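Below you'll find only one chain, the form predicted alone, shown as structure tokens.
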């Protein structure tokens, strides 16, 4: 069954509710492929006709703003499913999904997912809960944009990147975002983001190693993010 039963996506997502027979059907219907850094899994407005399982790598979900800037909504890693909401609502994708590091993904056709929906109540419940969690996360981020300063949001984002994705052997953040991408996450201009990073560097909160970022004072960053 091509190790679908042992896959991290199954262990961490709504797919964990599938039984052995359903896992075999899943393995026979899925398509596995590589996505290079910078390539899109799907674009905003595209009909996906299924869901994507992230087996390895890191990607971003983003939306093009009215002024033409790419607003990053969420970063995704191994173990996550993409495209659930648009598949359930039968609408085109509301976001664009791109790899920010090489990815390996599996695509499961909508027809197979709908079959699981109809035959497995726990799977249906798990997927609906997952969609609701994504909506809750989106709401919390909107509130943060209003209630927190750009400096607080930057500190919070750096801490999130560290806790969720870890660091490289040189102690810099494993996920390397461009300054423009980082600015898109915290909702500010690229120039402002660069200036704030420089301020954090001078304060000893972080160290800028070329284009990489190393967190030097996590405690102070947490204090800044929470105040």
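Positions refer to the first chain, counted from 1. Bear in mind the structure is a predicted one, so any value in this text is a computation, not a measurement.
What comes next is about the form predicted together with the DNA, which does not appear here.
Only one of the listed residues (119, 71, 130, 149) places a non-hydrogen atom within 4.5 angstroms of the DNA in the predicted complex, and that residue is 149. 188 is the sole member of 188, 172, 48, 62 with a non-hydrogen atom lying within 4.5 angstroms of the DNA in the predicted complex. Residues with any non-hydrogen atom within 4.5 angstroms of the DNA in the predicted complex fall in just one of 52-60, 25-33, 177-185, 159-167: 177-185.
Under a 4.5 angstroms non-hydrogen atom cutoff, the DNA in the predicted complex lacks residue 219 among its neighbouring residues. Contact check for residue 208: a non-hydrogen atom falls within 4.5 Å of the DNA in the predicted complex. When contacts are judged by a 4.5 Å heavy atom cut-off, residue 40 does not count as touching the DNA in the predicted complex.
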